Ligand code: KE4
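Consider the single chain below, provided in structure tokens and representing the form predicted on its own.
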Amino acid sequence: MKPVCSIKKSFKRSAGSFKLAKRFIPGGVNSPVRSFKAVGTTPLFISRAKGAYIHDVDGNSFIDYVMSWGPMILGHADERVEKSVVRILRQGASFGAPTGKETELARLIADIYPSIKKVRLTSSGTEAAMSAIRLARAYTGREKILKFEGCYHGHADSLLVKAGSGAATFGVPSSLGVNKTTARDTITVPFNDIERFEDAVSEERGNLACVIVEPIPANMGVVLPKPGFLERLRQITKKNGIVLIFDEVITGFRVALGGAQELYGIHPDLTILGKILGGGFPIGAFGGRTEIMELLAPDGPVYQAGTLSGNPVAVEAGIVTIRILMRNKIYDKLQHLGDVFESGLERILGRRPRGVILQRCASLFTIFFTKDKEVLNYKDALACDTDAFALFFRGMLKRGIYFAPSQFEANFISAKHSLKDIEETLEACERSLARA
């Protein structure tokens, strides 16, 4: 089989670009995982991308499963999105004033997500998560929040917290610079542990403003909720007057058009969106019940603002992307490609010593280097063999496959991936796993 990717022996230009970047950018990157530090090598510097392929400055080509960390569900540089964006850009990049396109995007979201009646656009998922929590505090009149260990909701102070021991502990900052008083208002419990969650709610009854969760976590690798877990979260939060926030920045429009809440049939009070929502351009959003959303300024007393919120270029890219997803059978193709990859990898793993598993939902997947144990929470994820993963990652890169450069991240299949791409990826997996 002739490879569709092309790998040379050198990554010298990327290495030189990284050396120069470190002189002017902290760590040489503008988001830490891009540094490849977790996989023991230096990052690729990208020159261009098209469809399912990404190309670096050394002239190497890769089958891409990072897909800009999820947004490129239609593949890189989709002609339909590009054409619309160029048309909008010629009218002006930003106005700082309302446009009808903002309303069109908000209406699309509300039509697709029954739990969302009103939407506020932001410039990032972090901003959306921060604002949704502020709104939940205002609505309930309570101060504390609960998050699940290993779920990532952006880098706002109250969310950069790690769990301690015990049934539920008050968080301590997992980053210097986070105010300890702020961290004390964040309670963490293990994902998929409904008993620990119930204990925490019981202990903090009347103090919890919200529970925020990735319904399918993808920031400790892809972790699936146990049957009934999300349903119990909804029941318990509703019973106790706690705002339930689904962070669907990654899963929204990805695991289904209506995200994880469509898959599981659950309506949260607030939802956070991003990634695919902007078709590859920076965007975020949060939305939900009318009586909560109307507390936002200028209608209500909760202040939130952003100069580039509702940026016309990002909004147009999102509208075009979503409309393509609505009228094409893309999710059927993504499911099929995922099924082929999963069955192929299972055959490969059946011929080797145990210690590697695949966890997947639709076009979202992670290969965990773990001792034949399903990864159900952050503790399980941390027990993985990160050295073995790093060796596997480097082997895949040398064979022209660009996976996420961390054991604790997700990979993404796009509509532009082909069966040939999947077959070549499986062949690379077999060879790389033999050495990992």
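Please read all numbers here as calculations on a predicted model, not as lab measurements. For every residue, the number given is its place in the sequence shown, counted from 1.
The protein also exists as the form predicted together with this ligand; that form is not presented, and the subsequent description refers to it.
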**Fill in**
Checked 219, 186, 261, 359 for heavy atoms within 4.5 Å of this ligand in the predicted bound form; positive is 219
**Asked** Since exactly one of 237, 115, 158, 126 fits, which has a heavy atom within 4.5 Å of this ligand in the predicted bound form?
**Response** 126
**Prompt:** Taking 4.5 angstroms as the cut-off for heavy atoms, does residue 46 touch this ligand in the predicted bound form?
**Reply:** no
**Message:** Whether residue 154 contacts this ligand in the predicted bound form should be assessed with a 4.5 Å heavy atom distance threshold; does it?
**Reply:** yes
**Message:** Taking this ligand as it sits in the predicted bound form, is residue 316 near enough to touch it, meaning that at least one heavy atom pair lies within 4.5 angstroms?
**Reply:** no
**Request:** Indicate whether residue 233 is a 4.5 Å heavy atom neighbour of this ligand in the predicted bound form.
**Result:** no
**Message:** To test your reading of this chain, name the stretch in 29-37, 383-391, 54-62, 363-371 whose heavy atoms come within 4.5 Å of this ligand in the predicted bound form.
**Reply:** 29-37
**Asked** Within 233-266, which residues come within 4.5 Å of this ligand in the predicted bound form, counting heavy atoms only?
**Response** 247, 249, 250
